[in-house]
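In the block that follows, a single chain appears as C-alpha cells, in the form predicted alone.
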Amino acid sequence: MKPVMTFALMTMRSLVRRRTIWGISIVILLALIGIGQVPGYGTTNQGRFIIDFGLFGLEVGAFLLAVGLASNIYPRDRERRTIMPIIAVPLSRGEYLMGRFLGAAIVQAAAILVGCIGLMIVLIMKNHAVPPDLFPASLLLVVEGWFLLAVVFFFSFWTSPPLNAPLTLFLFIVSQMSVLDFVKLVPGVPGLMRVIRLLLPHMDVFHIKDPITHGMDIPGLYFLLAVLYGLSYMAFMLSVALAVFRKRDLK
C-alpha cells in the first residue's frame, strides 16, 4: 500500500502543476460568481436559483475535471515511455492504476469542495441561508466525479484522448436518462433497452439539488446508500479498467 500512496502523491503533485486543473477550477469559480450576480429584483427565489445552478455547475465541473485530469495520464506515460520502467520494477499494473487514480481523485475532490465553499460564500454574501445539506450534496458530486474518473481511466486504455471525452460525455448523459427516455432511443427493442438501462449506472441518485432548493429534508440513510452505490460502481469500473490494462502491450 505504501508504494501506491507514494505514487499517488507524485501523481497529485504533477497534476497540480498542470494548467488544466487551475483553468477548470477558475471557470467553476467564475461561473459561481456570475450566478451570484444575477439580480433578484426583490424576489425570494434568488437563493433557490443560486443553489440550483451552483450545484449544476459543480456537477459539470466534476465531469470536466475527470476528463481534464485523467484522459491524458496513461497516453502521456506511454508516449514518453515512462510507464515501462515504473511497471518493470517498483509497481505492478494494478498499483500503477490505483496510484494514478488516487492522485487524480484527491485533486478532483479538493477542487469540487473548494467550489462548494465558493457557493456557500456567494449565498452568504447575498444574504441567503446556506442549506444544511449543501455540503453532503457536494460530497455526492465528489463520489460521482470519482466514478467518472474511473470511466475516463477505462477509456484511456483503449482509446485516444480526443475520443475519451465524447465517450465519457455519452455515458454521463445516458446514465441520467429515465428508463422511458432511454427506451425511446431504440423503440423497436424495448425489452433489451430496459435491461441495458438497468445495467447502466443511475447518476440521478447523486443529484439532489431539487429537494435542497425547495428546503426538503434528506434522510442520512439516503446519503449513505448513494455513496455506497457510487463507490461500488467506481470499484467495478476500476476492475474493468485493470482487466483491459493487463492485456495491453506497452511496447
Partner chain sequence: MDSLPIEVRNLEKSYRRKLGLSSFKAVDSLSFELHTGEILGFLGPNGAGKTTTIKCILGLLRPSKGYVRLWGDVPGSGKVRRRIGYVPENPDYEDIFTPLELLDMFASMRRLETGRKEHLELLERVNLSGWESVRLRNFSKGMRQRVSLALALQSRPDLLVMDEPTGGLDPVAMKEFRDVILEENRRGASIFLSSHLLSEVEAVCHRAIILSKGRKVAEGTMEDLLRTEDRFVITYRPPGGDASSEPLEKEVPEAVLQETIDELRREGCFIERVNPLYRSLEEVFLSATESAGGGK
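Small disclaimer: the values here were computed from a predicted structure and weren't measured. Positions refer to the first chain, counted from 1.
Omitted here: the form predicted in complex with the partner chain. The next part is about that form.
Student: Among Ile117, Ile86, Ala110, Ala165, which has any heavy atom within 4.5 Å of the partner chain in the predicted complex?
Tutor: Only one option qualifies, and that one is Ile86.
Student: Considering the partner chain in the predicted complex, find the one stretch among 101-109, 78-86, 121-129, 152-160 with heavy atoms no farther than 4.5 Å from it.
Tutor: Contact-bearing stretch, as computed: 78-86.
Student: Using a 4.5 angstroms cut-off on non-hydrogen atoms, would Ser92 count as touching the partner chain in the predicted complex?
Tutor: Yes, contact at 4.5 Å.
Student: Spell out, yes or no, whether the shortest heavy atom distance between Arg17 and the partner chain in the predicted complex is within 4.5 Å.
Tutor: Taking the distances in the predicted complex, the answer for Arg17 is yes, it comes within 4.5 Å of the partner chain.
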